[in-house]
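Quick setup: the structure tokens below cover two forms of a single protein chain, split into structure 1 and structure 2.
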Structure 1
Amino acid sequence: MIELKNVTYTYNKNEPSARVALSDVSLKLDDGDFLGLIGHTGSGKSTLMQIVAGLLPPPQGSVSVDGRDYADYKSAARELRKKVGLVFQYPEHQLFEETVYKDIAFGPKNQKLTGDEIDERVREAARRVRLDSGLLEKSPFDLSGGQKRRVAIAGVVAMKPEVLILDEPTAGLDPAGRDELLNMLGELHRDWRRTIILVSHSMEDIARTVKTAAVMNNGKLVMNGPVEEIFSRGAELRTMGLNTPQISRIVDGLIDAGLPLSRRIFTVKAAADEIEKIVRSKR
């Protein structure tokens, strides 16, 4: 669907304060992918996603959309903005309407849809993000933090983008709110069948939610593949200021203590299942 080839992006180009944010990055996004994008602060994650969303000035390199190579990024960016929806970190700060309904309807209204089409989009988006219909006429500012986050996501979902990018969507949420949001994203990907990119520095969030991951470090794409392969390279991740999920480090300790577990366990559920099998086999 979207492919970047040898993309380099420099902030304040040709000025003394110039800073290279991306260096020779190539990335392909296929229809229906659920990709986790990992990297420490300043690694280039946000810059990369803004280029995918068509929001930055032209970078060096090429961009193709749906198999079409564009001669210039400006033309590609117009197409990308039609296809890609970007949910920024702390999106609830962008809520401004009197009611939840109006906030979700804002994007579809700008798409010049009819009243019935807008109503259908709003209610479908609310359902997809697990937002109770009884909240639609409430003020968004009367909701909990997790509910506000879902209203903001619903506002993007209502525009029906082919690619949905979420930048640190669980930031600032309590454990219950984080779990609920990640479960909702899993359901959204399964039922909605759109491409989703989850940008996060939380290894736990990536491990439990996505199947493939890409790792950014100092503006370069240094790893890209199945989550199991990425997290099996824990030593390399640590040199980048990242880490494997906490449960995998616990599993490593159990293995060192003699428990016959796999080193490719990255979620609490997988660890519990494997330990239960061992316990049953010894009965």
Structure 2
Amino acid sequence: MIELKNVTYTYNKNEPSARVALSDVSLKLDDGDFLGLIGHTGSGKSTLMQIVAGLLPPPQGSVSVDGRDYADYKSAARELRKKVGLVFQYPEHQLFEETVYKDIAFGPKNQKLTGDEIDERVREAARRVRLDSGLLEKSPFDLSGGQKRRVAIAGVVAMKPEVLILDEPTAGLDPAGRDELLNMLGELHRDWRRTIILVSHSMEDIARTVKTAAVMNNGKLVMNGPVEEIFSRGAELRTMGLNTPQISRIVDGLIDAGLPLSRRIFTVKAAADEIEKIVRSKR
């Protein structure tokens, strides 16, 4: 369990270029959560995730890890770095080894595990990200974009972090690659039972993958709760520069025209179910 209380973070503190990236943010992550984190560029979501991962200089505010309060962020950060694995945007740009196997093994090797343990970690991680074991001896550079990305994710999974954060993991993938990756993340969460945070500005991705989400705007955490609650506030989200799924805009339009629908609809299937119901009840 990781809890941030009233965290404020300023870049270039004490300089003319100082910029407040987070202001008074409180966030609690329970073990096994699957959270979507939404916000446009510059909203503070990356800064927040780097603080959760223990990668930034101390912010103001307090951080507790597994119920223990830390007087200073520095010692909390040491715990956080052990616990949290962060997959950056376009992580495949950081692949560098000759084989997929070696790339995935890089993290566990640095954890000073034995050869057998490393081997087990690599194979388990590959399986969890649905990477065919036949690819392990290939060069990562011979793989497709979606496969490369899964190799990079496997490299972090192999370190067995308790919290896995993925920053825009579907960026630049084609629709099929995106579907595959999101399905994989759903299964990873279901089988692995660890905390996963999906950072994205794609509301469609969030809507179909997670059940709870948090929204950042101008350095503040402005919404936090069930996805259907968040999407029912479409007009507010749009003022923050976020695009609600097209289906929410259609449902809003139908409600405005007088159809008795719920605003808590954000998938095509749910919309079709409700529309079918009200039309058939007319017959």
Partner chain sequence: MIKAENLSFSYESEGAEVKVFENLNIEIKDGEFVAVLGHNGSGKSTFAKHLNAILVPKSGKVTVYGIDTADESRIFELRKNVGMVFQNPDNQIVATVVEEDVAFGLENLGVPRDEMRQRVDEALNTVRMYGYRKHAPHLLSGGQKQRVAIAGILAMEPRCIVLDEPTAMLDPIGRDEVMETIRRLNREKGITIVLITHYMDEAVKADRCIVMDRGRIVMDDSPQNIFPRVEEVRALGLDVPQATELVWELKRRGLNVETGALRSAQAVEAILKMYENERTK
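Source: prediction; values computed, not measured. Structure 1's sequence is the ruler for residue numbers, which start at 1. In this text, rigid core is short for the largest set of C-alphas that superpose within 1.5 Å between two forms.
K.L.:
Only one is the form predicted together with the partner chain; which?
P.N.:
Answer to the question: structure 2 is the form predicted together with the partner chain, whereas structure 1 comes from elsewhere.
K.L.:
Which one of D33, T244, L188, S144 is found at the hinge, the spot where the C-alphas switch from fitting one rigid part better to fitting the other better, between the two structures?
P.N.:
It is T244 that sits at the hinge.
K.L.:
Comparing the forms between the two structures, say how many degrees the smaller rigid part turns relative to the larger part.
P.N.:
18 degrees, smaller rigid part against the larger.
K.L.:
Mind pulling the C-alpha shift for G253 between the two structures, with the rigid core superposed, in Å?
P.N.:
Between its two positions, the C-alpha of G253 lies 4.2 Å apart after core fitting.
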